[in-house]
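For reference, the chain that follows is the form predicted on its own, supplied as structure tokens.
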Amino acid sequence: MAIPAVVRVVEAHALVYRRTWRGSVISTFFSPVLYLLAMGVGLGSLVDAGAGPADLGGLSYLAFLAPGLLVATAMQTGAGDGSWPVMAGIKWTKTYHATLATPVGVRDLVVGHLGWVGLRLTFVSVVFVAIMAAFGAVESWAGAMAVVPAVLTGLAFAAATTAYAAYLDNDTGLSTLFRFGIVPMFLFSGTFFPISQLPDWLEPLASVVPLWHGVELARSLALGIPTTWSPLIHVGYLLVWIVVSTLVGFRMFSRKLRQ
């Protein structure tokens, strides 16, 4: 039985990663430790000593922060894997052109790429949850449930940045995206504090960002607290981002690789 082309694309990514995985060790294993130690334990002790726990629904700051950082890490991983590696495959190394000379089609290429990113996101999220549990921020079984919204959020950003990278002619737009898009979303989408503490005009903007929906779901699953909106709305919103961005990605890849 022939192996589907999408699986072949995922396999190719895995073979490359087998030789390059050492470069991601710090971001995968040490970044969660440093973030939780500095922000959750260090800053958290100051927040907990003040009026913080009352403002956070009685939660310690470490417990409040950890699920948000989990999803934010997934966002950064997905956006990173969907940006410069995609542009490299199209513009610099041209590996995507070589791939399309095989029976692999454009849709196989895009779906296979996102499939591999999904596997990466799952691994990164599971490691993060294990570190959260080691810090006592969450029970391991509850944290494991938060992996799902983290992966969905990461895929939403991966699909969107993949389509955007395929649209661009140079990488200046990617630097702009991270500087004025990803970083502000990381800071102001509920990761470090509830968006209800934002100015009234900014709060609706924060609720449009996929990261906020993922953070809401992850906190609900990990800590057993209710979400602002229905969980189905949060999940549906993330799925719409994934599907629409993937469809746009098909179009952008076809335009760039079949010129």
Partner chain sequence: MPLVEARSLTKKFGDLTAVDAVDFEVARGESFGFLGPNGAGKTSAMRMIGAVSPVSDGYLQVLGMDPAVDGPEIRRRLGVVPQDDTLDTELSVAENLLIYGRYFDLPRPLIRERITELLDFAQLSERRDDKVEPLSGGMKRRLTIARALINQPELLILDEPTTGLDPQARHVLWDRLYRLKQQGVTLIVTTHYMDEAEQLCDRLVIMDKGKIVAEGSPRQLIEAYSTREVLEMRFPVGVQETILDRLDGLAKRTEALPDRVLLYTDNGDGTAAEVAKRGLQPESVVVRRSTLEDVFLRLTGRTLVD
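Keep in mind that this is a model prediction, so the values were computed, not measured. Residue numbers count along the first chain shown, from 1.
This next part talks about the form predicted in complex with the partner chain, which is not shown.
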Interface residue in the model of the complex among 140, 170, 175, 102, criterion: non-hydrogen atom within 4.5 angstroms of the partner chain: 102
Per-stretch contact check against the partner chain in the model of the complex, the hit in 78-86, 141-149, 91-99, 177-185 (non-hydrogen atom, 4.5 angstroms): 91-99
Should residue 247 be counted as a contact of the partner chain in the model of the complex, where contact means heavy atoms within 4.5 Å? no
Is residue 235 near the partner chain? Define near as a heavy atom within 4.5 Å, in the model of the complex. no
Although the partner chain is absent from this view, report whether residue 16 comes within 4.5 Å of it in the model of the complex, heavy atoms only. yes
Quick one: is residue 242 in contact with the partner chain in the model of the complex, heavy atoms, 4.5 Å cut-off? no
Is the partner chain close enough to 211, 215 and 230 in the model of the complex that each of the three has a heavy atom within 4.5 Å of it? no
Going through 6-35 from first to last, which residues have a non-hydrogen atom within 4.5 Å of the partner chain in the model of the complex? 8, 9, 11, 12, 15, 16, 18, 19, 20
